[in-house]
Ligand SMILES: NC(=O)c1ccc[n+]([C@@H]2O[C@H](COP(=O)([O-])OP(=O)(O)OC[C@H]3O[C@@H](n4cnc5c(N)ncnc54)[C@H](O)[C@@H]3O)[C@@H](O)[C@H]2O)c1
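Okay, here we've got a single chain as structure tokens, the form predicted alone, with questions on binding and movement later.
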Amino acid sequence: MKKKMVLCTQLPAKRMEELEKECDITIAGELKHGKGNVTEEMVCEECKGYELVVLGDENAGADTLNKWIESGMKFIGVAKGTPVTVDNEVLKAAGIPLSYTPGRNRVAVAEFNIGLMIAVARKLTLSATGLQKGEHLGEPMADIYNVPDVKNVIWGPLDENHPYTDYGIGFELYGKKLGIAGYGAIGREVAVRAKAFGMEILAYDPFVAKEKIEADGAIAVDLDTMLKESDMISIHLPVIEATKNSVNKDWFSKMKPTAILINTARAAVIDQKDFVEALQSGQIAGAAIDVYWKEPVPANHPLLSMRNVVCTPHMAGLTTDVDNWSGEMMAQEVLAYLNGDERKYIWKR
């Protein structure tokens, strides 16, 4: 007899074929209704009565989980790198392990992270936006293809109206020190890529062995050393009680005044008020931010108007490839459960 499974997130077609041999699969949640179109109440009802529940971004609090457990749920998976949308304390009390997909978007975030580092270091968004707004442009031409034969084409004289004067001149990543706060799957991917740019990597993570960090060519350091010596600091911390608002005025007071902060993790690890004040006062030189304390970010948020800050709308973890990586990992977890094998990706917190 086939087992009953409810699926709220995409799995690879080949894996679906394997699972359909063992399970009667019902589509629900965001996979059925679309991103952002479901409430916990809807998901609670749609996923009740299934032995296997596989979620994506859907929320499942204590009441929801207890209803599922009472109706026969024995397996639950969340296709997220940090499954904080599910109350794991309820699952632990019931003896039900929570499968998740750690590092599913580690490459996506790491590549985006490097892009932010370059963008803020070289004034890319500031200057690109300036040109689109009409700043520092030449007079319109009747025929843009009729140009003089000039061997050394330059952007006019270096005066007070020059882009270099207005936007500032950036710096190279090569030879700079990058602090990695949190040497998990994403932090490591950023470190490896930054190393290829010729950066020196100072990694702070008290939960990762020094040997593992240094095997990648990084240097394991304490927090104060990372803060004092880094030219850029990239945040890769999970949101737990110990990390909430931990990136605060104490951090900023120890950083170089020329240092840049990058955050593609979660905004809750940064004390918002301290961060804004550090940027406004020049205590730190700038930042590149992909995540916010409230999303969409409020239109009047001061970060949006700061010329020393690059802002993007929470895009780092999303590519056309991520769902495939995440789906493959979750499918492996489901198949392991069905076959009675040990599962690889169990959330321990």
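Think of the rigid core as the biggest set of C-alphas that the two forms share within 1.5 Å after superposition. Everything numeric here is computed off the predicted structure, so don't read it as measured data. Position 1 is the first residue in the sequence shown; the rest follow in order.
Another form, the form predicted in complex with the named molecule, is not on view; read the next lines as being about it.
J.: Just one of 230 to 238, 274 to 282, 123 to 131, 89 to 97 has residues with a heavy atom within 4.5 Å of the named molecule in the predicted bound form, so point it out.
T.: Stretch 230 to 238 is the one.
J.: At the 4.5 Å heavy atom threshold, is R266 in contact with the named molecule in the predicted bound form?
T.: The answer is yes: R266 has a heavy atom within 4.5 Å of the named molecule.
J.: Although the named molecule is absent from this view, report whether G182 comes within 4.5 Å of it in the predicted bound form, heavy atoms only.
T.: G182 belongs to the contact set for the named molecule.
J.: Are any of the heavy atoms in F252 no more than 4.5 Å from a heavy atom of the named molecule in the predicted bound form?
T.: Close contact is absent here: in the predicted bound form, F252 is far from the named molecule, nothing within 4.5 Å, heavy atoms only.
J.: Examine M199 and determine whether its closest non-hydrogen atom to the named molecule in the predicted bound form is within 4.5 angstroms.
T.: Result no; M199 lies far from the named molecule in the predicted bound form.
J.: Is every one of V109, Y204 and F207 in contact with the named molecule in the predicted bound form, taking contact as a heavy atom within 4.5 Å?
T.: The answer is yes; V109, Y204 and F207 each reach the named molecule.
J.: Of L178, I186, A218, V247, which residue is found within 4.5 angstroms of the named molecule in the predicted bound form when only non-hydrogen atoms are counted?
T.: After the contact test, the surviving option is I186.
J.: Note which of L52, V38, A316, A60 lies within 4.5 Å of the named molecule in the predicted bound form, where distance is taken over heavy atoms; exactly one does.
T.: Contact residue from the list: A316.
J.: If you look in the predicted bound form, which residues in 291 to 311 sit within 4.5 Å of the named molecule (heavy atoms)?
T.: Sequence-ordered list has one entry, V291.
J.: Tell me, please, whether between the shown form and the other one the C-alpha of K80 is shifted by 2 Å or more, with the rigid core used for superposition.
T.: Yes: K80 shifts by at least 2 Å between the shown form and the other one.
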